[in-house]
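This document opens with one chain alone, in structure tokens, the form predicted alone.
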């Protein structure tokens, strides 16, 4: 059965406009509102509710849900579904994300739009399955081999789980690149009030389908129909285009060119610069009380919640503290952080790991201010009182 995106039917399935919802389910809602028509997954704590929600709701709007044998099969399935024309999605955590890395790289190399929700938990290995962490942030950027650019968003609230999943699909379709929604066990298993956006406010982006005559179509090159565009039009399988899709270095026609240096250089430069050249349009941050700040928290995801409380308490004690929250973490907003480092005396980086985004923050600061890591591991969020110690507030 052909999937037909029907936002009215989706709204009816989702129910009330305002709900008290689990973070994982908000990712489900976001996917449905974005037009996901295929979900392939494998249950894993604390991401299982995403799969369970999709299993219940996706068939009701005409989509397809499949539980695969493991996470390797799950990401392989959504890649195949995407080439069949579907907006596709999976969800996982920790060890499952590790298993997906080879096909994550394959999706980048073949320019396959899809969305991966990673509800992070502690590690390495199986770690603490039921407890949240932020230990996969570097993996989203560097976990697969080769030269690449990643797109990853980090929600801090249940509402953002919904909103960022929609945005993740938009970015994936726009750039023909997999997108990671890097939530965590804390936000994923949190319940908060959410508001389901109206149809007119969705502003969905869909991949540009190939319309060039089939005998003139070159599948992996700058579009022949849109000037100065590094994202090729999409030749959906079954529409008559003969497209060879391989993770090997390939030429513009899609055929392997594994011994051709120039072909590799041209291909990889294009699939990376389509993102880096547009980096200024891939900045999403929240700035809180930074205008007069001498000290700034720079953080993301769940860690931003206690940091904001600590900021407010410190301000009540006369400390000029602000907060920069990274909403899109990859590509990293280097210009924003570099500018902040020239304004403040100190940046504090709370993370639920031993320091991952701390390193690009320190590099962007370039010695213009002190950068201090505020780590916490073991499956517990920072307490505001713990962060106040970094501010010299007792």
Partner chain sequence: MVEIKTADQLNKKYLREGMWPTIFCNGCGHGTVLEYTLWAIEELGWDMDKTVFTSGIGCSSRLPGYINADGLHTTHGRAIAFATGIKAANPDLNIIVFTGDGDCAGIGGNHFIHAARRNIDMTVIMINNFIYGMTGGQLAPTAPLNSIATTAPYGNIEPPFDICNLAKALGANYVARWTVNHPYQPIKSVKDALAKKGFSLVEFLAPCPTAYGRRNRLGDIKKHWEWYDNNTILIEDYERIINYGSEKEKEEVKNMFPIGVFQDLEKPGFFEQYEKLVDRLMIKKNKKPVKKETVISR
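Positions refer to the first chain, counted from 1. Remember, it's a predicted structure, so these values are computed and weren't measured experimentally.
The next section is about a form of this same protein that is not shown, the form predicted together with its partner chain.
When its partner chain is considered in the predicted bound form, residue 367 lies well away from it, no heavy atom lying within 4.5 Å. Looking at residue 335, you'd find every heavy atom of it more than 4.5 angstroms from its partner chain in the predicted bound form. Within 4.5 Å of some heavy atom of its partner chain in the predicted bound form lies at least one heavy atom of residue 62.
Contact annotation for residue 240: at least one heavy atom lies within 4.5 Å of its partner chain in the predicted bound form. Per the 4.5 Å heavy atom criterion, its partner chain in the predicted bound form is contacted by stretch 76-84, the sole one of 76-84, 275-283, 307-315, 121-129. Against its partner chain in the predicted bound form, the set 170, 202 and 394 makes no contact: no member has a heavy atom within 4.5 Å. The listed set 157, 177, 139, 103 contains one residue whose heavy atoms approach its partner chain in the predicted bound form to within 4.5 Å, identified as 103. Distance criterion of 4.5 Å from any heavy atom to its partner chain in the predicted bound form singles out 72 from the list 208, 218, 72, 268. Annotation for 178-203: the only interface residue with its partner chain in the predicted bound form is 193 [heavy atom within 4.5 Å].
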